[in-house]
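Form predicted on its own, single chain, as structure tokens, below.
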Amino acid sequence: MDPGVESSMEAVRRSKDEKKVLRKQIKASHTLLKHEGISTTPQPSKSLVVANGGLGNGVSREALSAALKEMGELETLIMHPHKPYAFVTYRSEECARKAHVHLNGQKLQCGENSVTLYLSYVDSVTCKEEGSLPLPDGLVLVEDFVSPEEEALLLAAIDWSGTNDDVTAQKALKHRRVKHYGFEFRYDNNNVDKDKPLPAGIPQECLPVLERCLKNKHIITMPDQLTVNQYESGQGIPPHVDTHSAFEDTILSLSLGAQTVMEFRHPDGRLVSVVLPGRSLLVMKGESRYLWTHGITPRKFDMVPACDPQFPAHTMSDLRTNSNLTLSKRGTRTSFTFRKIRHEPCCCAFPSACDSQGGPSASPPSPPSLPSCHADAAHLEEEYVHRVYDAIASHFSSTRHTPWSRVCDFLSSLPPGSVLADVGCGNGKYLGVNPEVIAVGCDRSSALIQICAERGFQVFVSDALSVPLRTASCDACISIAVIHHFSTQERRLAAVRELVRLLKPGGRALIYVWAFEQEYNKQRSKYLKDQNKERPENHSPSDNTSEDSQEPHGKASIQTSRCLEDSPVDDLQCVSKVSDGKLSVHTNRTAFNTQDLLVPWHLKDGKRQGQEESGEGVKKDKKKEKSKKTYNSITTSDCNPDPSPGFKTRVPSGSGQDTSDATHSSDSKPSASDDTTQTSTSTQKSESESSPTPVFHRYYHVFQQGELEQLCGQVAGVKVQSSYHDQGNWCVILEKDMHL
């Protein structure tokens, strides 16, 4: 080929590539402005925003910094939690220009994945000074408490070769493996049998460490119980409080091997994330031991303060707002938790969390009443919707992988470039269905939003009654299995109004709610069809779940719910009358006999996960959803709030991760005769094979035929384009008036 022609073709090819990069860069700028309010500028400056170069995309500070530094000396690099972008300021405008030219459209390798960077100029970057949060009262972290040599000696002292070791009560649990010394912690009652010590006492290799703890006054008496937990990358433990009646005040937790992040949460909602380095000692006393829950979110990467000479690393910090963070890959971590067995009732200053003083395990809780005012409704939903989904998020997400066909039809009908809002997006299984639309999701559960963010979706935490998106900013909205969780008609109506507010004139919204009529047109829903299966799974598609058709009725199940007394519609038939205002507990896989109820969710051991049941109309599919990564990932929290404490607001107790062993509380022991009235406070199954399955209860208002259309008919400026029944759900497509 003629060299001149070849050169010309190369120039054309290069021109096409440059135009493609420019288009992508402009699109990234528009996305930043639309969803983050970040304005870019065509004028060169020292500061740039790096799209796709954020922690939310799995980009570590080290990897991004290395690429940026090749272009010149950096002044600042700001990476916010979960955000898929970063801000960089160079020492000179010349260096920024160089980065803008050479890094735009370039791929950055991040472990096994690669991302394409798009850089745009910004006028300035503002970042408030970050400060450390105080540790919970009574919590002390001592770094480098043991030497590397002592660490090796301690790890070598633990023999994991046995599988059923009665001497040390070794167990191979689903989420970790564990050995007990001195006394075994029992998962069936979240306590220890104080009259049956184990043959193996605390290993001799631990004694020098404990003597040092005595000398340094971390403890005043020698512990007599040791639990050794070993965690692989990606494993964690749910939030919990160690059983008060089982152990004395001070608890020691020695972290060996890889570092991790432990989250402490106060009952008032305060959150403190503590980085536990290898060879560090955590001392829990007083309030931190008795009142704050502590847990470790299961994930393979933690966001931790960066080791930057300009910014000293903090052992703990508010990781939700810190901008000097990086990603730390988890490795194998082994914790040694030392405790002293308690032989007298606990007399701590926190009776609300104390099982010895009438706290969580004192008596079985009773079901809640229907709300009589806005405050009651908000409280009911907080306890029986928000906290439950945070607690079951991981298991729930594992059962949600097959998009429903008619929802997919709606999404596929949207024109390319449409803006879609998924309000109540769950684990994000619909956000990647149509790659031609700009999809953003929100959910009240920060734990589910964390899962979405890890999948690369653009998401944020939000209540469905107040979505922080501009009015008339969306071409389409979907609300799949969300509105039935609101406990009054006023709040359900407000949720529909919020969807309509988001729509542009002519925009459409798809709404799904669980139907009271699980048999329609002489066809039973798959939810009911599965009731005769030998061991039906707890994998309902969306929010209604549930489980064993053989599940017995608990005492609460005889209660009935009020009908739509506040409905302006006269022709809706009341399903049941109120007896004492208490909610009923639904028996899974059976027809509904009341509209307002609690639906049990049983945490499973994971052996049969991967199939969805069709409680709301989904076909089984063993294929896992391949989540298509989108550009942006917006979220506001990186850890799980407290799980639902059951029928009353309670602090989870029991023994779990490092400082405990049980993964559900003392008040969460479903029995064969009454398991629908019990509720677990853990996000994971009790990990002993003989232990009961933790049960959570979620509030639902199941809709009668015509009720959803009548609800939507009360919203001005919108019409019901179509409505239908889809495998146990009532569904409508709304269209907003073109003239609004």
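Note that the coordinates shown come from a computational prediction; the quantities given were computed from them, not determined experimentally. Heads up: residue numbers just count along the shown sequence, starting at 1.
Omitted here: the form predicted together with a small molecule. The next part is about that form.
Though the partner is left out of this view, Ser335 does reach within 4.5 Å of the small molecule in the predicted bound form, counting heavy atoms only.
With a 4.5 Å cutoff on heavy atoms, Asp422 does not count as touching the small molecule in the predicted bound form; it lies far away. Using a 4.5 Å cutoff between non-hydrogen atoms, Ala464 does not count as a contact of the small molecule in the predicted bound form. Although the partner is absent from this view, His484 stays clear of the small molecule in the predicted bound form, with no non-hydrogen atom inside 4.5 angstroms. Shown without its partner, this chain lists Ile511, Leu448, Val440, Met262 as candidates; in the predicted bound form, only Met262 has a non-hydrogen atom within 4.5 angstroms of the small molecule. The contact with the small molecule in the predicted bound form, taken as any heavy atom within 4.5 Å, belongs to Ile296 out of Cys477, Val274, Met71, Ile296. Checking 203-211, 345-353, 237-245, 98-106 against the small molecule in the predicted bound form, the stretch whose residues place heavy atoms within 4.5 Å of it is 237-245.
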